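Presented below, as C-alpha cells, is a lone chain in the form predicted alone.
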C-alpha cells in the first residue's frame, strides 16, 4: 500500500522546519524558497497550512508534460520529475490545479514533491505532528473538503 502526507493545519505553527528540511534534502541548502512544500498563512498569520503535491490519482501534470518528464514511482506512488528529461516549459505548472509544482530558476527545470523516496523529510522535521506520513487511504479529497467546510463555518475574530 502506498503512503502519503497527511497535513493537520490545526497543528501547524508556521515554524518553517518542513520547508528547511525539504530544501536541504533536495538542494543542499536551508532555503525555504527552494522547498517543495510551502506554508500558506492567512488571516494575517493566525492560520497556517502546509501544502505540497497531493500525488493526485489523475495527475494532470503527468499527462500535460510534452516530453514525459513526469512519471509514477511505483514503489512510493509519487509523481516524480526526471530533471534530465524536463525542458522547463512549465506546462505542468499550469496543469496542476493546486499550484504545487514550481519552477527552479537555478536549474531551469520544475520541481515538485517526490516524497523523498519514501522518507519525507518534511514529516520527519515537523515538531508538532502537523505533517505525518500515513497510509494513503487516510488522506484525500474528502478530508480536505471536511476541513475547508469546518474552517469556512467558523466565525472570524
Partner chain sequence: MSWQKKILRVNLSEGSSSIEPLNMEWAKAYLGERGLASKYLMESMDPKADAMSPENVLIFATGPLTGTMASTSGRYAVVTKGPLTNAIACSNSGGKFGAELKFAGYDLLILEGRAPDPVYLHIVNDHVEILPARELWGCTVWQTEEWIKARHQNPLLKIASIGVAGERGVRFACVVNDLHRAAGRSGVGAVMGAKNLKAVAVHGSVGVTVKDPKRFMKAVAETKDLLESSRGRKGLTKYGTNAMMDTMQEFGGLPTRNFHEVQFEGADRVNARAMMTSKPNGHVNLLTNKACFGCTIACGRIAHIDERHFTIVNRKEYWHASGGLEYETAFAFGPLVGVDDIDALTFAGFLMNEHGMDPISFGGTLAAAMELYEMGVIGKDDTDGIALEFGNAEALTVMAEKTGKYEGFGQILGLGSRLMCEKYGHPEISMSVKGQEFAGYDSRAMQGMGLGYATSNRGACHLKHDVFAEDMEDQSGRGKAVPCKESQDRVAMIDSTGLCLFTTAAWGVEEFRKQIDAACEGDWTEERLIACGERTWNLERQFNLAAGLTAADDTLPKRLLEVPAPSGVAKGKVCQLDIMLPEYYEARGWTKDGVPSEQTRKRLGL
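Residue numbers count along the first chain shown, from 1. None of the values given here were measured: they were computed from a predicted structure.
Heads up, the form predicted together with its partner chain isn't pictured, but that's what we're talking about next.
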Contact between residue 117 and its partner chain in the predicted complex at 4.5 Å, heavy atoms?
no
Check whether residue 134 has any heavy atom within 4.5 Å of a heavy atom of its partner chain in the predicted complex, and answer yes or no.
no
Does residue 112 reach its partner chain in the predicted complex, with heavy atoms at most 4.5 Å apart?
no
4.5 Å heavy atom contact, residue 123 and its partner chain in the predicted complex:
no
14, 41 and 45 all contacting its partner chain in the predicted complex, non-hydrogen atom within 4.5 Å
yes
Within 4.5 Å of its partner chain in the predicted complex, counting any non-hydrogen atom, which residues from 8 to 35 show up?
13, 14, 15, 16, 17, 20, 21, 24, 28, 29, 30, 31, 32, 33, 34
